[in-house]
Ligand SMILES: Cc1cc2nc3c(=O)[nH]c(=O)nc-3n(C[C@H](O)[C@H](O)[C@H](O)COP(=O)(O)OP(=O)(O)OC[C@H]3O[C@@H](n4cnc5c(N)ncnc54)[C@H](O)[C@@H]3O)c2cc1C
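Presented as structure tokens, the chain that follows is alone, the form predicted on its own.
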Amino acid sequence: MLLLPKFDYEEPKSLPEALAMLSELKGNGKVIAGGTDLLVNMKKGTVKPAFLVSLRKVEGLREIGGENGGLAIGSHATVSEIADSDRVGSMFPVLARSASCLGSPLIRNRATIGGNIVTARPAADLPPALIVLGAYVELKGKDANRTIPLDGFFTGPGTSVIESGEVLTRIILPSAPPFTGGDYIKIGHRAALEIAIAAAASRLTLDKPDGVIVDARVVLSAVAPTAIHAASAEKALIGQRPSEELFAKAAALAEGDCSPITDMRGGAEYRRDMVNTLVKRTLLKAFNDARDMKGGNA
């Protein structure tokens, strides 16, 4: 039985207090949210923080609200809150779908959107959907704040550009253009409690319901060190009239855009085959949603 190592637990009551505390700890402290990844890694000994800093009592970090026509989600909003939110479901259904795919109901009740991002797992469920939606993340430190595209946040398995002493406070989703639709699908061995073997999120924007594709985003997960764009597939889609033949071509190109490995959950070739299938399915769903939507909806 694996036991947690010893650590001190801090529970600041405001964000400035938390940021000052993390600055003083000089890298020896970790922010804890739901703990669904952090506590497991501490038991394994892969991370050994001397202090855990909980933001549970900091107000405003679980809010889901409007932001310049789009949406801002507090980093400590739970995955179940996102999956069940009418606002998220109506404005960005692809995010609601990805949230509903994460783990079991018990895990979704504990895990947070910020935690799912900052752990930088290659197979995490929320980042692919957030990247196709053009999400930004707000990072705050004791002396400086910055807002950066999530697309540039991840640097490798378990690593990102977040600096010691910084806290991810909000995820900002810009409004979607008219005639936009999206989808997210992952495949695993079981319906719940499963890390994805492969996953894909797609988003298409049409110039009109029966028109051409003016923007295309296809993001793959669990088939590279980080969530990645299927750049060849995206390029092949833009400017074209949607069709099953076009989506099949893009899916075949997406196979070449990924670099899966073979591990205990699946082989590299199987993952490539699944990328092909998932990209075709997500593109078809995105197209059907896009042509039915006069307002932005992704």
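Start at 1 with the first residue shown and count on from there. As the structure is a prediction and not an experimental result, all values here were calculated from the model.
Beyond what is shown, the protein has a form predicted together with the named molecule; the following relates to that form.
Exactly one of the stretches 205-213, 141-149, 89-97, 68-76 approaches the named molecule in the predicted bound form with heavy atoms within 4.5 Å, and it is 68-76. Within 4.5 Å of some heavy atom of the named molecule in the predicted bound form lies at least one heavy atom of residue 35.
Although the partner is absent here, residue 167 lies within 4.5 Å of the named molecule in the predicted bound form, judged by heavy atoms. When the named molecule is considered in the predicted bound form, residue 125 lines it closely, a heavy atom lying within 4.5 Å. The named molecule in the predicted bound form comes within 4.5 Å of a heavy atom belonging to residue 102. Not one of 201, 250 and 280 places a heavy atom within 4.5 Å of the named molecule in the predicted bound form. For the options 31, 64, 258, 58, the residue carrying a heavy atom within 4.5 angstroms of the named molecule in the predicted bound form is 31. Out of the listed residues 118, 227, 133, 82, 118 is the one that sits within 4.5 Å of the named molecule in the predicted bound form by at least one heavy atom.
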